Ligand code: AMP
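Quick heads-up: it's one chain on its own, the form predicted on its own, in structure tokens.
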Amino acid sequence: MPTAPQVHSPLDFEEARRIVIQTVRSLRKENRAESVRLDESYGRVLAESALADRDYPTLRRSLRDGFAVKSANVPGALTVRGEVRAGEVEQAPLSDGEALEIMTGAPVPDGADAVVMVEHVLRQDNKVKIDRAAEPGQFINTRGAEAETGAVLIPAGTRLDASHVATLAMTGNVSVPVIRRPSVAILATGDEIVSIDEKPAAHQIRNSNSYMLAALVRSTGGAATILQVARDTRNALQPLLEEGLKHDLLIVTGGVSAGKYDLVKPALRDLGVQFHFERVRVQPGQPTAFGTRDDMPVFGLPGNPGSTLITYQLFARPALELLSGQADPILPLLSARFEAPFRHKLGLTRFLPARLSPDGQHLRHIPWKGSSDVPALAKANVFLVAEHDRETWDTGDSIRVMLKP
């Protein structure tokens, strides 16, 4: 892999994200494909492109309920020869003056070159009267119109959704080749952290970060392993970092600032991690660090839950998506309008909890007490993205919002 660049001044989040994506893409990757049952493939990343096993459709099919006709015979009165339903075999060729009652999905007989919808037909006994012209090819899906044999239906690197599962079922894939889930180690640091099943003293907090990150990792397609909390000493930290570096990706929370007990970055350097950046011009999350050791990405995220959540979404998530085999990580940003005036300090891009109305039209900032305010995070469904060079927004002004993971 390329040598890590010299770490200079803080980066804008777009540039830091670009560095993550570019670096992780350049890492050497082994073939990590495995086969899973089709009903277990949702959310996994396809390892090999899915191809059409035959033409779709395999013969001409009707797109509407109605009557198959020769377009040259209408407008006019026609004799109904019979009917054909989906799942029945092809009929004998249609003759001049004939119409064939046909259902959606049924095969269109030779000789017919159009389908007239039943709503546009007046029927009496075995006769139909059609008062309008029909264009050749009207409401007919020709053979191979949807896909021809051998066509790529789903490219490798696609994260499978429900429509992809339907496509794989349509083409007879009982099992599916997918990328193995990357193993992600999660390491929380800090003397103040206790287990979630403990009653914390006034100066302590429960380990919410590790469980939040594990949920995020699993939703991104990784396999999460929560390590024991590392206390703020080199002797306690070092062996846990060594354990974390045995995985495909390591995420450490806390201990990445410049304080006396912020030991994570020096300890990682001693273990061979080269940092690509160590600060980003965002709030919360300025001291975010990203590095690599050999072909392994390593993230040092700030310890407050708000900082951890936002910096995971901005930086660790695209790295994990790439390791999972996904071709193009996308940051889910939308545009919304404020329902009340808003202002912030210039200088940093701020990601702040907000609530977007169900119709997606109205945005309300949720007041919070900083990135440790977990209850405010729980109330939000988006984060507004307050740009570093704009101070105020009036009611009705648009702003970018990031979907809450």
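This one's a predicted model, so the numbers in the text were calculated from it and none came from an experiment. Note that residue numbering begins at 1 and tracks the sequence as displayed.
Unshown form predicted together with this ligand; subsequent notes refer to it.
Within this chain, residue 171 is remote from the site of this ligand in the predicted bound form, having no heavy atom within 4.5 Å. Taking non-hydrogen atoms only, residue 262 approaches this ligand to within 4.5 angstroms in the predicted bound form. The shortest heavy atom separation between residue 161 and this ligand in the predicted bound form exceeds 4.5 Å.
Residue contact check for residue 123: none of its heavy atoms lie within 4.5 Å of this ligand in the predicted bound form. For the residues 141, 257, 73, 283, the 4.5 Å heavy atom test against this ligand in the predicted bound form is passed only by 257. Only one of 328, 198, 242, 192 lies close to this ligand in the predicted bound form, with a heavy atom inside 4.5 Å, and it is 192. Considering this ligand in the predicted bound form, the lone stretch of 151-159, 301-309, 76-84, 266-274 in range is 301-309 [heavy atom distance within 4.5 Å]. Applying a 4.5 Å heavy atom cutoff to this ligand in the predicted bound form picks out 253 as the lone residue from 234-253.
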